[in-house]
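Just one chain is shown here, as structure tokens, and it is the form predicted alone.
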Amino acid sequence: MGEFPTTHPRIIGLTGGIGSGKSTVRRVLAAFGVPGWSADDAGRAVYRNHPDLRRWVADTWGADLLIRDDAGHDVDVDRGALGHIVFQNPAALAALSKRIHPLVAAAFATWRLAQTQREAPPTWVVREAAILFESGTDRDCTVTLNVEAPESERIERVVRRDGVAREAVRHRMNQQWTDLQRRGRADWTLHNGMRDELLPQIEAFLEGLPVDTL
């Protein structure tokens, strides 16, 4: 667990494999008064907010990946098409991650600072990231929270949510850490299968947060 000045909200690092239910947990924690931030959402926004990144993507993998407005100006990147390229190529994924991660980290730092400007600043905030441990961003977290669900259920969730093939989901899973690896690093693990009751686990997690920071 890391240490932070008391003037800044402490960070709950929230992670889990694709389809495990991370975003659901983030929304529940928000309902309990713990604001949440999503690295995936920030990753979408960086393409819109950084023209230099869009140009680099176009120069590296082709201008057909750019999304253009009615005037013909590039305004975004086709993340689905880009993902199809990089998730098949570890070197390409590493190159993209090297560009993306600093921008996403800066976005989180800006968001976290904004929380201190609220009328009642929160003691805790949630940083949701699928690759929290792989990227090393867990080092900034006071507590880390892992979400798990059976692989078959995760695959079905993503197929329904994203309309992708099961093999594509399995390939994405293979790019991430295993449940065992995440569980071994996390301070807490929640189980989010069909037979699990998630809410009592989240309540127990919140009750177990260090008292001196509440």
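Position 1 is the first residue in the sequence shown; the rest follow in order. Just so it is clear, the model here is predicted, and its values are computed rather than measured.
Below, we refer to the form predicted in complex with a small molecule, which is not included among the displayed structures.
Proximity to the small molecule in the model of the complex, taken as heavy atoms within 4.5 Å, picks out 23 to 31 from the listed stretches 23 to 31, 59 to 67, 181 to 189, 165 to 173. Taking the partner from the other structure, the small molecule in the model of the complex has a heavy atom within 4.5 Å of a heavy atom of residue 161. Looking at residue 19, you'd find a heavy atom of it within 4.5 angstroms of the small molecule in the model of the complex. Contact check for residue 157: a non-hydrogen atom falls within 4.5 Å of the small molecule in the model of the complex. In the model of the complex, the small molecule lies within 4.5 Å of some heavy atom of residue 128.
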